[in-house]
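Below you will find one chain, with nothing else, as structure tokens; this is the form predicted on its own, and questions on how it binds or moves follow later.
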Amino acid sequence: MTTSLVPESVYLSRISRAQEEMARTSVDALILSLGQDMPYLTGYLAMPLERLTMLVLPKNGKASLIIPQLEAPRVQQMPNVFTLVPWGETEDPVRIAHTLLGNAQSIAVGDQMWSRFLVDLLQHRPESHYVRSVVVMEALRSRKDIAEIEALVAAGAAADRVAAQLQGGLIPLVGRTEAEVSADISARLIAEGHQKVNFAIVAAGENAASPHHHPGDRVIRHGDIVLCDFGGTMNGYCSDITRCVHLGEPPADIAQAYSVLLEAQAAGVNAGHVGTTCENVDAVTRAIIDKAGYGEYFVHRTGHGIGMEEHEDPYMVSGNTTLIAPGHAYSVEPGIYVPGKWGMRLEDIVVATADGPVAVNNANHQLVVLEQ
């Protein structure tokens, strides 16, 4: 059985808020399967099976959790939150969902629901209108409550401790492959309290010019800049941090670029005041990098939301006019990447509060020089 750390009252509150949002957006029913929206509302994370698991939440009334009978023992039952509807091997779970949906016309569908189930449902309900679940769920999940923020802070502090080990020279680099260092960082995340490692990018020298480089057999050498971007899941919430170290004194071009990156990242963190737009955070960091002549080498958005998922709303990117609100949690991670030469990125998780933006990560922001 999966046991939730969240009190039942929290799930009841979240479902009530979801139904309020459904009424506001003219959605009659919400259907969720894979992904984090379902556990956000019920505490249950669906396995990615060919057998359907689906939460059906009407605008008015009680939620129902349709689940394969053999999976039912894994569910922490909360009768006040949802009715459990197990289905047997010879039953049609999509027909069950169709029945539970009743007269619903406007149906919000989870982004990660497998198309096979939606296509089957369309055959039962060709007259219904379908929209993405984000119409309902974005307003709920993007604004973290106190308990969620505390979980993000704890996960961030654990990631900081690993970053401090990197910057303190406690993680050997020279003579090891990127893959070996990645595995080392992953083990340290687990040792610091994470239940799962989501990624551990280690990119040395020219490989650091690839923002999502996959650690390989490149041996790290003296004279390299080494970019380390890592994060995991701790008690249901994610960490994400990027720090760079240089093995030996950095050459002038790297030192100069990093000073620009440092300024841009700090400005991006400070820009995230309640009421400003998400795209403004991106614009602030980008303006500093552009002015210094590195604009063409900043090839991605400034940040992404974070919570139960590593990447979720809101996104700090041009064109996103969403206003930053208390409880928004997101990364600020500008980067400069010169193909074939080197790359660098600096990342913190930030939480928006009424008193201003607060960075979750506090590990040294400088380009730490290591002699190994």
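All residue numbers refer to positions in the sequence shown, first residue = 1. None of these values were measured; they are calculated from a predicted model. Rigid core: the largest C-alpha set superposing within 1.5 Å between the two forms.
Here the subject shifts to the form predicted together with a further copy of the same chain, a form of this protein not shown in this document.
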*Heavy atom of each of Arg218, Tyr258 and His328 within 4.5 Å of a further copy of the same chain in the predicted complex*: no
*With a further copy of the same chain left out of view, choose which of Asp111, Glu249, Asp145, Asp92 has a non-hydrogen atom within 4.5 angstroms of it in the predicted complex.*
Asp111
*Leu118, Val174, Ala266, Val153: which sits within 4.5 Å of a further copy of the same chain in the predicted complex by any heavy atom?*
Leu118
*Work out which of the listed stretches, 287-295, 238-246, 166-174, 84-92, brings a heavy atom within 4.5 angstroms of a further copy of the same chain in the predicted complex.*
84-92
*Indicate whether a further copy of the same chain has at least one heavy atom within 4.5 Å of a heavy atom of Val131 in the predicted complex.*
yes
*At the 4.5 Å heavy atom threshold, is Lys196 in contact with a further copy of the same chain in the predicted complex?*
no
*asked:* Can you work out whether Gln123 and a further copy of the same chain are in contact in the predicted complex, taking contact to mean some heavy atom pair no more than 4.5 Å apart?
replied: yes
*Quick one: is His300 in contact with a further copy of the same chain in the predicted complex, heavy atoms, 4.5 Å cut-off?*
yes
_Do any residues of 210-234 have a non-hydrogen atom within 4.5 angstroms of a further copy of the same chain in the predicted complex? If so, which ones, in sequence order?_
Ser210, Pro211, His212, His213, His214
*Please check if Asp290 moves between the shown form and the other one, taking a CA shift of 2 Å or more relative to the superposed core as movement.*
no
*Core-aligned, is the CA shift for Asp92 between the shown form and the other one 2 angstroms or more?*
yes
